[in-house]
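As structure tokens, one chain now follows by itself in the form predicted alone.
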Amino acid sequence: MAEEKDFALLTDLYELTMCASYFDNKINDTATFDLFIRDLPPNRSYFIAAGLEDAFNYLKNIRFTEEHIKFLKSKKIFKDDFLNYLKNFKFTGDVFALPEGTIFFPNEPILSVTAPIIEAQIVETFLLNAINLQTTIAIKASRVVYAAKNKPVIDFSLRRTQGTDAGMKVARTSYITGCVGTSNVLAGLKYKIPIYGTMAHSFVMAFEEEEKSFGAYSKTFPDTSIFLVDTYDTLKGVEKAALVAKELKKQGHKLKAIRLDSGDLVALSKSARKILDKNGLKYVNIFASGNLDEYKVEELLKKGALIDAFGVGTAMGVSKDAPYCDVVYKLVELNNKNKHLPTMKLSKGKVTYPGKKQVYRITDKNKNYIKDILALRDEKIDGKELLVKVMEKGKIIYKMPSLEEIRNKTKENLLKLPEKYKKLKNAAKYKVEISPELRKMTEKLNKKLSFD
């Protein structure tokens, strides 16, 4: 995991070489870049803004240390005057952003950065990296939670995420999008997220008899034990768990749950429930794990599985079916000698909308979402403005919400998004209109650039 003090170099080389050329040619116009996602991944119908706290902290703290300058100098790529400029570098721009937990759609800016062009350019890679991972996971985790239909979901993905930093971000993001906690202990410390754990098959196998492993574990954790019952024969494992649970009950304690991790979870959960109930253990929950994702969770519940909670790992932690978003950072306006010059890209399949923009959300009388309007920032549109000014002249002017506040905002956003947009497959397409003034500017600039 890269240390925060080194984040200035957590960038692509071409960001630095472009900036060196801007510097060499004395180009330091004020530039506005929009960070947005072009298209929805397969079977997705919305995005959830995430990773913004990391983005703000990076912009506030980015600095080039003596070690960084020495390293860049050793590459014999950059002139000394540019390296001297980097020694005093700091971000001094303005930023508009969608608050974390906000639902949004393709082509709507997540961040809008306005700063001297060198500053705005140099921060591109980090911002894309931070937003891409966490927004990608936010969508996936929210879908898993939606499929679980109010049954608790726990993040079990740490051992399969793509590195330690991803493991931390997945725990945070899955929590704000509805998971009740994580197995990641460090995330529990850093983010104050509830932590959960059961036992591994190795613990059961470390004892000569399965029942003894349950007895030993419950001796250590008499009120919080979850027994993994499928190491050998699952239903025999449930029977043995029931015997230990009844002994615990006599001592004034309660077994919390059993865990099913393989096999036909529908049939096994029904049989396990019968065994537990027959032994007077209706309070013992059934917890399921084992290569689950939103589709499997939805199918289990449709088939009547008697499962009370889910542990979801790999598929959620790496967003297996859609492991990235097509997130981009594009120049949309230059301010040259106080003259605003909107810019746009005309590459086939990659056309961008010019100018500083705002997103307006239109709702019905119950505050449910109807459509969005992508407009120029100075247009007057009826609707709620989604982009909020979070930084001014390099300083954060936005009250950073707590994780619980972000979690509540995400929940509120998802509740206001009609069901037809949340279906796991074949969801309806949400309407995003382009405002008259933005459309007019786009057509005018397109025509001009096409004939230049």
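This structure is a prediction, so every number in the text was calculated from the model and none was measured. All residue numbers are counted from 1 along the displayed sequence.
In what follows, reference is made to the form predicted together with a further copy of the same chain, a form of this protein that is not presented.
Of the listed positions (Ile139, Ile118, Leu331, Leu276), a single one reaches within 4.5 angstroms of a further copy of the same chain by any non-hydrogen atom in the predicted bound form, namely Leu331.
With the partner omitted here, the residue from Pro106, Pro152, Pro323, Pro99 that has a non-hydrogen atom within 4.5 angstroms of a further copy of the same chain in the predicted bound form is Pro323. The candidate stretches are 191-199, 368-376, 140-148, 243-251, and the one lying within 4.5 Å of a further copy of the same chain in the predicted bound form by heavy atoms is 191-199. When a further copy of the same chain is considered in the predicted bound form, Tyr22 lines it closely, a heavy atom lying within 4.5 Å. Taking the partner from elsewhere, Phe47 is found to have every heavy atom lying beyond 4.5 Å of a further copy of the same chain in the predicted bound form.
When contacts are judged by a 4.5 Å heavy atom cut-off, Val318 counts as touching a further copy of the same chain in the predicted bound form. In the predicted bound form, at least one heavy atom of Leu9 sits within 4.5 Å of a heavy atom of a further copy of the same chain. At a distance of at most 4.5 angstroms from a further copy of the same chain in the predicted bound form, all three residues Phe71, Lys169 and Asp230 contribute at least one non-hydrogen atom.
If you take 152-171 and check each residue for a heavy atom within 4.5 Å of a further copy of the same chain in the predicted bound form, you get Leu158, Arg159, Arg160, Thr161, Gln162, Gly163, Thr164, Asp165, Ala166, Met168, Lys169, in sequence order.
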